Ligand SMILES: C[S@@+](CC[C@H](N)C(=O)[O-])C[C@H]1O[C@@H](n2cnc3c(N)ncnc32)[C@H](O)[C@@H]1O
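Form predicted alone, single chain, as structure tokens, below.
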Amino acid sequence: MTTQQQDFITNLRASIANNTFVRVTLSKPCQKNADLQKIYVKPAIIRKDLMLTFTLRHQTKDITKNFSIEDGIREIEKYHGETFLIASQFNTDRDWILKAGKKGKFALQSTPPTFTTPPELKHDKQKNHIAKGADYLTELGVTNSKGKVSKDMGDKFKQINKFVEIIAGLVEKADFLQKKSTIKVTDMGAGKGYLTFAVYDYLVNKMNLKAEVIGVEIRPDLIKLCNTAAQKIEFKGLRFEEGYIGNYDLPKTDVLIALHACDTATDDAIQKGIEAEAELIICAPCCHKQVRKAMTKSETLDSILNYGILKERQAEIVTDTIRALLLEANGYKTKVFEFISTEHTGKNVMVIGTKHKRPVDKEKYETEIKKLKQEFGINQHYLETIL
């Protein structure tokens, strides 16, 4: 073991002992196209013992493993240099970055701390990231004065909780967190602000980050209601502004959210996010009128397109597939999934784009889009025209 490796491990042991350790990130795989992309290591109390929780991020899944402190440190030593080239150690007093170079050489760099608050050591098995007694839930009518979920608001509470769980998983693993002093979030079509408040509350009160969150909404009464609530509960970095998604002048933002924006408003939001170089673009599309109206019959699809409900569902699939492909063509790794049961909302498909810096074969995605449009007789997808 080199001196740099020994110093890295010595600092890690000391930070764990004095409760200044936040996490270790193992990144930059030694092998190109490796299935295992990153490993995140954080402390957690499990059955009254302090342990190290490893999250192994593969291309298509995450695997979680728990180790004792000593076994966990040995795992970090094993993975760094053999599987990953960079080990980043985040402590509340100092960060340490260990880089593996050629011919077994290592370089150790020290930088000011990214995180200044000690980590929450409780092992979160329930993945419940919001509290029923949160002030904003009461202000917005989701819970009553005693913190209990109000009548007819059970589905809304579940939606909020699930959305925050998704945001938590994305933001906690996002590389840009290590580089930002303030996280900037824009929620396009914020409505009554349920999820806008939830995101702000999670970032500021759960993750102890500085955040500026803007909710964009066209209805003045909702803007007034939300701004009044934000001021009352002292969410100082949260504000709501009037504007249409399509013509809103979006400044550079880190996270762009657009949930249930109707028809092509989702496309407007995606385009705004790409232009603003958002690190995360999170959409839950609503209706899909533009493509449904543009679809024509074909020999292959006549039997599907003859039935209204099936044509509607096919239009949704085609619309969101092209959106995902366009995000990929513009440098985003994209996922499309059902984020909550249809029992709670029919608008349950989520499209998430995570920005990356890898080379992109735009022609490949353009070819896939062209084939889809030809198959369904679509001349143009609206997002193509505005991009």
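The first residue of the sequence shown is number 1, and the count goes up from there. Computed from a predicted model, the values in this text were never measured in an experiment.
Note that the form predicted in complex with the named molecule isn't included here; everything after this is about it.
Of the residues 233, 100, 265, 97, just one reaches the named molecule in the predicted complex with a heavy atom at 4.5 Å or closer; this is 265. Checked against the named molecule in the predicted complex, the residues 121, 107, 86, 218 give one hit for a heavy atom within 4.5 Å, which is 218.
Proximity of residue 244 to the named molecule in the predicted complex falls within the 4.5 Å heavy atom cutoff.
By the criterion of a heavy atom within 4.5 Å, residue 190 is counted among the residues contacting the named molecule in the predicted complex.
Proximity of residue 184 to the named molecule in the predicted complex: non-hydrogen atoms within 4.5 Å are absent; the residue sits far from the partner.
Though the partner is left out of this view, residue 174 does not reach within 4.5 Å of the named molecule in the predicted complex, counting heavy atoms only.
Stretch 210-218 is the contacting one of 210-218, 69-77, 109-117, 271-279, since its residues have non-hydrogen atoms within 4.5 Å of the named molecule in the predicted complex. Not one of 294, 369 and 381 comes within 4.5 Å of the named molecule in the predicted complex, counting any heavy atom.
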